[in-house]
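As structure tokens, the next two blocks hold two forms of the same chain, structure 1 and structure 2.
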Structure 1
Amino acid sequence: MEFTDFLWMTCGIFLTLATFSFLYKDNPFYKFAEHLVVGVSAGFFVIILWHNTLVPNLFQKLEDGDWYMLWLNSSEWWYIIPALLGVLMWTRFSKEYSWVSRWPMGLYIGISTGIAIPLEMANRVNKQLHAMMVEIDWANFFGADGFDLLSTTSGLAQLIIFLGTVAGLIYFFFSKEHKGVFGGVAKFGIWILMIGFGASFGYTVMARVSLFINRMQDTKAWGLEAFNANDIANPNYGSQYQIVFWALTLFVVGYIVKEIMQHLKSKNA
């Protein structure tokens, strides 16, 4: 690893520590990282959308035209229309003409909602209903390999999935009072939903913990790099690596000591 790459890595570690410092309290380092990520992510997505969407979908379509002809001599000149409509969106900034922005907005919303209706029905509703309505495997009701209540492919699992989905949908149906048999099914539905929420919650926590482990592993890798203690020795290694490591460490320790002193001072006052 070259020294400039190590400096970039140090920058990442500093920002990691700055963000984690929020666990202690809101502080200038966290605020710095927070404001930086807002700007950098906005800039990042501007560039990604420009290069990956605007250029191929607009500029490349009009590239055989001439700017002084306003691209009207392009073979696909009609792509000027969405560009003009997009520009009309900017009339939002004007108090007098902001109503003009409703035209492109109307077109955008019309197309988007029109696309959404059949696609949502096909991809969410119909596909899920189709997957739900499988024939129950009565022959292997408790699993193919003998009695196994925790089998995910058994007829019992299929039955629970079917009944759980129906009951879950019934729980969300509020046009009829949840009483009697209907209320009982709705109750089963909320049980299934709560188990599902619990499992999803546990899964989310584990995903976040794995991110935390990843940040710690990166920090460890940075420390090893600073002392050339990785499995593969760094041919570019020099004392500057350790200087950077100790500079950041001293900085962090200094901030912690300052906070402790401040805390003790306020306690004694």
Structure 2
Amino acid sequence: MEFTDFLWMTCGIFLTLATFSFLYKDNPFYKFAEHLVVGVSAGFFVIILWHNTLVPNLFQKLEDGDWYMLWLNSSEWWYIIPALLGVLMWTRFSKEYSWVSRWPMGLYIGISTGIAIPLEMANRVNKQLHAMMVEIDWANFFGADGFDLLSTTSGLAQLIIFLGTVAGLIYFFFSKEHKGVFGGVAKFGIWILMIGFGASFGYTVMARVSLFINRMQDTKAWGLEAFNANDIANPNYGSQYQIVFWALTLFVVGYIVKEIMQHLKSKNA
């Protein structure tokens, strides 16, 4: 690894430690990492929106027109209308003319809602209904091997999807008191909902844990790289690698010792 790449890797390790330092308490290092992430993300998405949205969907559409004609002589001049609506959104920052921004904002929200609702219906409702309507494979009830409870195509899985969906809907039916058989089905619906929420939460936790493992692996690789004097791919290896390693290590350890001393001093006072 070249020394410049090692410096960038060191920067990543520092930001990782700065982020994890919030587990101790809010501190300037965490604030620095937080503001850096927000700033870099904002700048990155501005560039992405410019090159992937404005350029192909506006400027390239009007490139055959002339600016002194306000692009009205373009073959696709109607793209000026959404451009003007986008400009009107900036009136939001004016106290006197902020009401103008309500028109493009209302149009934008209406179009977005009209697009989002059919997509949500197709992905979350229609697919769930389709899974319920699949004929239960009674001949393959326990899976292809005779007893495979993990199979998602077995008749048992299809039956659980059907009963779980019905029970979950019954739980949200409040026009009838949840007693007797109806209450038992509603209680089964609660279990189905809790299993679904638990699986979603577990998936989120595992995703965060995998990110943590990745950062720990990078930290280990950073430490090994600092003392990897026998790296054939990097003949320019020198003491500067270890200097950077020990500088960051001493910086972190020094901050920890400083916090401990301040805690002991305030405790004794």
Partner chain sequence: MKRQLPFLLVFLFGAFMVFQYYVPHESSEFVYEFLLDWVMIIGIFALALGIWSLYTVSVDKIRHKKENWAYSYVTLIGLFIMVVLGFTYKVGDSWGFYSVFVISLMTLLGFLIQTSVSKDKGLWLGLSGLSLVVALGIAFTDDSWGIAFMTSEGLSNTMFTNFADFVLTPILATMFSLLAFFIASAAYRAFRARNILATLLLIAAIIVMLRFNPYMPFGLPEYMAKTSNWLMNVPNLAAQRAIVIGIGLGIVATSLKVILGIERGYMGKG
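Sequence positions of structure 1, starting at 1, serve as the residue numbers. Between two forms, the rigid core is defined as the largest C-alpha subset superposing within 1.5 Å. Keep in mind the model is a prediction, meaning the values are calculated, not measured.
Here the chain appears twice, and structure 2 is the form predicted alone. For I232, a C-alpha deviation of 2 angstroms or more is recorded between the two structures after rigid-core alignment. With the core held fixed, G184 shows a CA shift of 2 Å or greater between the two structures.
Annotation for V87: C-alpha shift under 2 angstroms between the two structures, rigid core superposed. For S175, the CA shift between the two structures after superposing the rigid core equals 4.7 Å.
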